[in-house]
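First, one chain by itself in structure tokens, the form predicted alone.
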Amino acid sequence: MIQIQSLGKQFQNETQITYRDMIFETGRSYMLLGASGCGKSTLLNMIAGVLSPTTGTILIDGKDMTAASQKVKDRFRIEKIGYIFQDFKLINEMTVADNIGILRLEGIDISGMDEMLEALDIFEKKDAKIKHLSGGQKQRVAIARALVKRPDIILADEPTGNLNFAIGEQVIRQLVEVSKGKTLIAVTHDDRLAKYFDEVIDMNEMTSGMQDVPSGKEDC
């Protein structure tokens, strides 16, 4: 379970976002819906320990992660969180298998890679270079890389942002399916995908304060 309590983030230009308290239960999928600048991506980055909140706490299974050292946060993210980025963050000149295989350098067991690629209908591209894949195929590889380590928490930042709706809808269905039993939090602005999630949270109603967030900090 993830609990957000009195959370706030202030950036160097004095832009500030304040969040209402929220709870994300284990085994449920959540869509964070809202306009650009409403704090969706910033929230994901704070849950992942990439950004530190200015105020408030983030409790994960009762542990205050905001009080932990950066080293502890980084290790927790590596071991317990699967992060799916909007821009994929894949290495174009490497194969699908090699992009996932990089996780071995972090001590991650990837023995379930083939099974995950099969579940996402991308196994036949295992030995293909990323640069030869379509946008939808790249997104499936990014999902496989995030989930192969069997994380407890899956964070997805605009997982369909670079895809047309038909392909994006298929990717979301697969993401929700392979994430069953985990805590899935997905950021999007497309309310047509809401039916695939257990709960939809309108972040326009869950945040307050200035929302003109500096470039590179919040691109939701």
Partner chain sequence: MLKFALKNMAIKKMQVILITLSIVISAGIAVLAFNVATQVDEGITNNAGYYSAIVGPAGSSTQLAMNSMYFTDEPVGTVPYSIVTTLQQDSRVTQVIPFAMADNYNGYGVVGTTPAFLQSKDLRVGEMFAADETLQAVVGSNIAKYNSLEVGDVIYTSHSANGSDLHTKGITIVGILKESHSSYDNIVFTQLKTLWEMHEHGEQEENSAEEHHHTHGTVCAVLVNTKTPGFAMQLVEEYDGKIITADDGDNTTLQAIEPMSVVRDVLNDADDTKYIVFVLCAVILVMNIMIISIITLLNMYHSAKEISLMRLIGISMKRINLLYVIQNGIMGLCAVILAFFVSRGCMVLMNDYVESMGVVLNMSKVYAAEFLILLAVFIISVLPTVIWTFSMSKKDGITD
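Positions refer to the first chain, counted from 1. Everything numeric in this text was worked out from a predicted model, so none of it was measured.
Heads up, the form predicted together with the partner chain isn't pictured, but that's what we're talking about next.
With respect to the partner chain in the predicted bound form, the three residues Glu93, Asp98 and Glu106 uniformly fall within 4.5 angstroms at the level of their nearest heavy atom. Taking Ile167, Val50, Val178, Met65 one by one, only a single residue has any non-hydrogen atom within 4.5 Å of the partner chain in the predicted bound form, and it is Val50. For Thr57, no non-hydrogen atom is located within 4.5 Å of the partner chain in the predicted bound form, even though that partner is not displayed.
A residue is said to contact a partner when one of its heavy atoms sits within 4.5 Å of a partner heavy atom; Glu115 fails this definition for the partner chain in the predicted bound form, lying far away. The closest heavy atom approach of Lys138 to the partner chain in the predicted bound form falls outside 4.5 Å. Contact check for Thr26: no non-hydrogen atom falls within 4.5 Å of the partner chain in the predicted bound form.
Segments offered: 190-198, 66-74, 167-175, 29-37. Contacting the partner chain in the predicted bound form at heavy atom distances within 4.5 Å is 66-74. Along 141-158, a non-hydrogen atom within 4.5 Å of the partner chain in the predicted bound form is carried by Arg145, Lys149, in order along the sequence.
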